[in-house]
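Below you will find one chain, with nothing else, as structure tokens; this is the form predicted on its own, and questions on how it binds or moves follow later.
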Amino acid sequence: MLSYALQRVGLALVILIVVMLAMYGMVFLVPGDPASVALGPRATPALKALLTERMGLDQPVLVQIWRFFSHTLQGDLGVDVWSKRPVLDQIAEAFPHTLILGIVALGWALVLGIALGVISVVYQGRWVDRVLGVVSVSFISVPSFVVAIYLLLIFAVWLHWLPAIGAGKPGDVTSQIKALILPSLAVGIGWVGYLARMVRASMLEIMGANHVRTARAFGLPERRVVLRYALRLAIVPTISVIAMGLGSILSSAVFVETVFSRPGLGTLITGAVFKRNYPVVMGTVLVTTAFYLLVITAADLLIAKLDPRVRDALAD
């Protein structure tokens, strides 16, 4: 298990380094002078030179890459070009909002997706199974930002049931929960379909296993057979999907936070992109990527712990 864990952690570190190189290389692929775009056409050459120096773009490429890596290893993600605040402080303020949004969205998506998957298996081949299949595929097909816009129009603009923008009043838990409902629905609805289809496929495979047939032969209630002997094993393949879902949900939050004007990594990186604030953009992408790799690696280790066959196969 230790050897497998070291392999997965090493692979995650390699991927993170490649992402850092690719991300820094994209700075030079963006057309136009960053200082000119950020300051506008009326900026003086002296002001452009000052901003270029402040962003560190006046140094050779290799020097910039070395400084970026060395500072990152020391926990220094740079300084905001405009506010002069450390990028890490801004990310630390925004990340909890996005993380809470992702956890809540994935939480109710898990509950609803697993429930739909189990119901589809129980009513396999009947009209309920077919209807739930159509619903699941529909959830997968609709983009999160489209769902966000329609939820905003229906429940905030027309019905006035929930707030349209913001994250709620500070210190008011009820207000914060209300402000979290629509964004979490918009972010998590696509994963309801993924989880439902995954659980259904896994359970159908397990329902034909010998231990399930033995449980039925002993006269155990069907509900106990489905929930205890089939669902418990069917959840194992969905662990990696859940981990990927949390990472994808964080990326979907970029659009949803913009639509609902919520503070978070999405709002932070969107504003930084428009201002060509490269330290904030690179720092936010780096932290998001590192978190995603951390979740994926933890999921791989958990799967290997629960199912040694996976660990042995990958180790070979």
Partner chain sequence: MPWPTSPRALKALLADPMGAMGLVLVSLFVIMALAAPILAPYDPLALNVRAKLQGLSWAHWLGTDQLGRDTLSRLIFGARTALSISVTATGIAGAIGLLLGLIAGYGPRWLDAVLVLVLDSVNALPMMMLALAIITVIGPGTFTLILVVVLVSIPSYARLIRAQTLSLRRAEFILAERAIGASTPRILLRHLLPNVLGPLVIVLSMDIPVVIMLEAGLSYLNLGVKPPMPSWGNVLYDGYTSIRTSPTLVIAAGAPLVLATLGFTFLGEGLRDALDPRLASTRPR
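Residue numbers count along the first chain shown, from 1. Remember, predicted model here, so these are calculated numbers, not experimental data.
This protein has a second form, the form predicted together with its partner chain, left out of what is shown; the following refers to that one.
- The stretch that touches its partner chain in the model of the complex, counting heavy atoms within 4.5 Å, is 154 to 162, out of 154 to 162, 177 to 185, 113 to 121, 87 to 95.
- Though the partner is left out of this view, residue 78 does not reach within 4.5 Å of its partner chain in the model of the complex, counting heavy atoms only.
- Among residues of the shown chain, residue 298 is not one whose heavy atoms approach its partner chain to within 4.5 Å in the model of the complex.
- Residue 143 belongs to the set of residues with a heavy atom inside 4.5 Å of its partner chain in the model of the complex.
- With a 4.5 Å cutoff on heavy atoms, residue 73 does not count as touching its partner chain in the model of the complex; it lies far away.
- Counting a residue when any of its non-hydrogen atoms is within 4.5 Å of its partner chain in the model of the complex, the hits in 125 to 140 run 134, 137, 138, 140.
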